[in-house]
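In structure tokens, one chain follows: the form predicted alone.
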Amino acid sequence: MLLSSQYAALGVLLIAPTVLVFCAVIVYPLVSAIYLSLFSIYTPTLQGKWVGLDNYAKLLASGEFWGALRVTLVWTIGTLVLQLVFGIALALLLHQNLVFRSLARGLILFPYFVSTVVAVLVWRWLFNDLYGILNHVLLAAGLIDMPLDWLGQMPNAMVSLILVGAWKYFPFVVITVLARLQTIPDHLYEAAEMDGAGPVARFFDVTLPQLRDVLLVVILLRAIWDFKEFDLIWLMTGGGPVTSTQTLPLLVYRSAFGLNEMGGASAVAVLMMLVMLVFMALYIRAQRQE
């Protein structure tokens, strides 16, 4: 009995640092955000008054909040679809016996590892309406008659954001799908080929069903990460033109540090958390099923 109590005390002692770190970086900020969302607080002084659920009522009645939510969903779905398409296609290509396959697998990770600031600076240069190479190529090819403003007008700004986001994060899909492709038994393809299945039929009848579980996890993880994306969108367009590309994370930032309304910003953050909890619930359910 004494020995078991000593083991229990040792277990508590060993897990205590992890619990403290968890409380410091997750529990405390979460509780603070919920608490601040119930006040009308001036950001520089953090002084304010109790308003209860008034911040939430104002948000739900605000067109700006629903507009930011719509933009966030468009951004998340658009970039996620392109990540999946490009990621699966390149994973299938890199799974073949190609020359310099190892080098290609290493280079494909470059967008994912490069700094977001550096990547945005390069893409802003490419998209520049006066001296950007993209407009130069399109003009030389005769596809456009005059330079396009890629980041200063809609829908060009949203299309540009989605393309850059897909380029930046699709290597994650490539890595995950490629790892799963290498574990698919060869005899499944051999049996399908003996039954007369061509490349397309083998993809839909063998490859895609084998990738279903890993793709579900990838979709849920990337949806969560893309939904809360801030730095890439802020550096690319700043939420403009006007608020056409303003997502919920940008709305939180502008409310807290632009309008100095920390309470309203906290309310937006809490509503964001509730939306992401749906994704988290789906992810946990998928993990348990697997």
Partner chain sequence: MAEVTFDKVRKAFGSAVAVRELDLAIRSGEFVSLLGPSGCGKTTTLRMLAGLETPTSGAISIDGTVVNELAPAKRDIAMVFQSYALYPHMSVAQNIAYPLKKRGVSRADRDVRVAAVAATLQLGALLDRKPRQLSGGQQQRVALGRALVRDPRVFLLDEPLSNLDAKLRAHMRAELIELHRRIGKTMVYVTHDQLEAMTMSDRIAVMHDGVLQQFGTPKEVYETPANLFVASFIGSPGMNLVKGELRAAGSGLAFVRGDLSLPVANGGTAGAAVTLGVRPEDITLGAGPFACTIRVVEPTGHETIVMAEAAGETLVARAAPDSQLVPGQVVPFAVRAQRLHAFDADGRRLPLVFAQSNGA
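Positions refer to the first chain, counted from 1. A quick note: this is a predicted structure, and the numbers were derived from the prediction, not measured.
Heads up, the form predicted in complex with its partner chain isn't pictured, but that's what we're talking about next.
*Asks:* Consider Leu143 of the chain shown here, and say whether it contacts its partner chain in the predicted bound form, taking contact as heavy atoms within 4.5 Å.
*Replies:* Answer no; every heavy atom of Leu143 is more than 4.5 Å from its partner chain in the predicted bound form.
*Asks:* Test of understanding: in the predicted bound form, would Met194 fall inside 4.5 Å of its partner chain by heavy atoms?
*Replies:* Met194: yes, in contact with its partner chain in the predicted bound form.
*Asks:* Are any of the heavy atoms in Pro209 no more than 4.5 Å from a heavy atom of its partner chain in the predicted bound form?
*Replies:* Pro209: contacts its partner chain in the predicted bound form.
*Asks:* Using the partner position in the predicted bound form, report whether Leu188 sits within 4.5 Å of its partner chain, counting heavy atoms only.
*Replies:* Yes, Leu188 sits close enough to its partner chain in the predicted bound form that at least one of its heavy atoms falls within 4.5 Å.
*Asks:* Between the options Met158, Ala201, Val85, Leu138, which residue brings a heavy atom to within 4.5 Å of its partner chain in the predicted bound form?
*Replies:* Checking each option against its partner chain in the predicted bound form, the one that comes within 4.5 Å is Ala201.
*Asks:* Can you check 92 to 100, 209 to 217, 144 to 152, 107 to 115 and let me know which stretch has heavy atoms within 4.5 Å of its partner chain in the predicted bound form?
*Replies:* Going by heavy atoms within 4.5 Å, the stretch is 209 to 217.
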